[in-house]
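Next comes just one chain, in structure tokens: the form predicted alone.
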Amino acid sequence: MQSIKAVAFDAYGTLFDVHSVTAKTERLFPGHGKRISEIWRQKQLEYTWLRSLMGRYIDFWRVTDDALKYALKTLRLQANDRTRIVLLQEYLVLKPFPEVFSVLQQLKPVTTLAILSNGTPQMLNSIVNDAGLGPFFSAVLSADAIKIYKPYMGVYQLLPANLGFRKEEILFVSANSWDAAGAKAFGLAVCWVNRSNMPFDELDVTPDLVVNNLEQLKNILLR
């Protein structure tokens, strides 16, 4: 990976644990917390893909709210606006995975670091700053800039356009198989973080690297 001059991370599921919302969902809806989180995340992803295909963009905060509404309806759980907003705000304070701070701290001196995410700038700035990760990143880029979601090729173009490196010089890191596939199809170097030991999606592309966590990636990049 000697030609790599920048490392760009997806945010949700890669740097930040989307299921860290489960503590709050379980507290508010005992016995349903885990299932709320699972449906919420699945619908959040589906709505980005569907809205992109339909040409009906709304920002990721509203998508996340709509996905939460669907999850609660699916489980036949009653929630007033105040309760739903309390849950929604958990997406502003998602917890990073345990190794994230140390990995970024060690990579920062040797390469340019960035984030490329479907999240709104406000959502991304909130979780990055809440976790104390802001100083590590040269750029925090959002699909909201072009009003369509990954894996649309134009979203990945934001990386070379903003970082000033050729796409082959940028390593994109994602724990989402579909996202890793989109980045590879665009022409970025790609690392898939396979945290759940799952098969890669059958999308006619293969990531350059597969690791189980970011610590493994850091060891590869620094050796």
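Position 1 is the first residue in the sequence shown; the rest follow in order. Computed from a prediction, not measured in an experiment: that's the story for all the values here.
Note that the form predicted together with another copy of the chain isn't included here; everything after this is about it.
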query: Any non-hydrogen atom of residue 29 within 4.5 angstroms of another copy of the chain in the predicted bound form; finding: no
query: is_contact(residue 201, another copy of the chain) in the predicted bound form, heavy atom dist at most 4.5 Å; finding: yes
query: Close approach of residue 137 to another copy of the chain in the predicted bound form, 4.5 Å, heavy atom; finding: no
query: Residue 149: touches another copy of the chain in the predicted bound form, heavy atom cutoff 4.5 angstroms; finding: yes
query: Sole residue of 62, 41, 167, 195 within 4.5 Å of another copy of the chain in the predicted bound form, by heavy atom; finding: 62
query: All of 66, 73 and 76 with a heavy atom within 4.5 Å of another copy of the chain in the predicted bound form; finding: yes
query: Within 4.5 Å of another copy of the chain in the predicted bound form: residues from 23-52 (heavy atom criterion); finding: 42, 43, 46, 47, 49, 50, 51, 52
